[in-house]
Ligand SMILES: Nc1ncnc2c1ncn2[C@@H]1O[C@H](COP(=O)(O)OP(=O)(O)OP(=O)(O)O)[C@@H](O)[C@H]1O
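Just the one chain here, the form predicted alone, laid out as structure tokens.
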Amino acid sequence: MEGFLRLGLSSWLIDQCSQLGILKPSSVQENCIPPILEGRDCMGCAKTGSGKTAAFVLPILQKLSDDPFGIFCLVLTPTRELAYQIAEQFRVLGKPLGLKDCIIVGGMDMVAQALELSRKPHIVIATPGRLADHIRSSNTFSIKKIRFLVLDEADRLLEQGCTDFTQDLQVILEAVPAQRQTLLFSATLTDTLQELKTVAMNKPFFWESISEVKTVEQLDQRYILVPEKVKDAYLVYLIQKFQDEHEDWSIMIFTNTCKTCQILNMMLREFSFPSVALHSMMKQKQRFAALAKFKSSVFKILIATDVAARGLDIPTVQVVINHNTPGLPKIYIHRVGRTARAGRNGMAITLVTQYDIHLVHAIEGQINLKLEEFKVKEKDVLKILTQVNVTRRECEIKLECTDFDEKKEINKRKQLILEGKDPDLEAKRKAELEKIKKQKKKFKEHIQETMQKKRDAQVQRKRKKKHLREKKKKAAQ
């Protein structure tokens, strides 16, 4: 435990680490804890599973023990599941302090959350959207005196995409004091480094894990080149193979949509595989229950969308299977980071179709590593192909009977209302955009058709001229 002592941590915190089996600091902890204790802002970029959470939890708890008051620290994170996991780490390490924490995420009762906030917990862990809602609608609490603002998975919080946190972050940043320590951590931080520098202004310390390979050494990364139509058969074959060879292994399967996630879960259950789904269309209680059952090995297989790709630490995961090839390399890095954590071994297999080869090249370029092929006997897969396809179709029909798509639309409308937008107006705007896109496409096709006709006419004229020249030549002879 001398390593932690050298970092300047108190003996009671070192004892807590020892009880958790954390006997020596990881690189990110060794490099980031001292500057945080010195009062500097910190930006840390390290591989998934390298102990980033403890790198900010430990120094915050030490500072809190010196001067405990009101809402001392605010932690922002992109997903609800990650918020609960961070809270758990604060509770375990901060147990001797009698630590009070509060989790503010969507899907829970706002009145109950407002009451918790009014009791001035030491640590608030929140998703930006729900916390911004509380700031806009309530004056029963204040975060004007916080000492620490933490952005976990900072690149995801600051990027602009399908879930854009920009407006919510603006509301939150206006509500926190200018004099504070800002800590930002992620596995893929460099893409948004310039934006992060504007948030952290207090002599910021930046540390990035120096490594040619962007994923951990203990991770065995493979791919299987499969035709699109037989992808599910390969998935079932892989699960059967791993379960036959290793009964105690836990497997995470990542897919790109909530609907596919639900269908795969239904399909695997039909094959008697103990699986559970996790996606954003599930109710909050269902999501936590699914995660708890997977963590406790009640279910050995978790099928999830990218809502489970970041930060979740489930030590029992030995294999990650990408049912679809991620469109962005950093999504791949976060997905495969669910295994081979904290020095353990793990395997990641990506099912690659003929349309995904360019995506694999982009991933290999980003992680500086060539994926190796995972050898599979095609004849063994073909034996189960018909059964898998029939089962998948039956599951799709069952899901259609549950009005899954309709529920998805209702959830979208609810989300738009929460964002202060008129769903009908947004639908009209979307329809108008589609109409404009179609008109542009039609115009483009018309131009291409006209150009092609001109080219064909030119070719025809050249052929005629050539034919006339040859005719004249023959007549002259």
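Numbering starts at 1 and runs along the sequence shown. Since this is a predicted model, take the numbers as computed values, not measurements.
FYI, the form predicted together with this ligand isn't displayed, but the following is about it.
- Checked against this ligand in the predicted complex, the residues 256, 286, 89, 318 give one hit for a heavy atom within 4.5 Å, which is 89.
- Among 453, 24, 463, 469, the residue placing a heavy atom within 4.5 Å of this ligand in the predicted complex is 24.
- The stretch among 50-58, 445-453, 425-433, 35-43 whose residues place heavy atoms within 4.5 Å of this ligand in the predicted complex is 50-58.
- Proximity of residue 342 to this ligand in the predicted complex falls within the 4.5 Å heavy atom cutoff.
- For the chain shown alone, residue 338 is a contact residue for this ligand in the predicted complex, at least one non-hydrogen atom being within 4.5 angstroms.
- Contact check for residue 155: no non-hydrogen atom falls within 4.5 Å of this ligand in the predicted complex.
- Heavy atoms of residue 313 reach within 4.5 Å of this ligand in the predicted complex, making it an interface residue.
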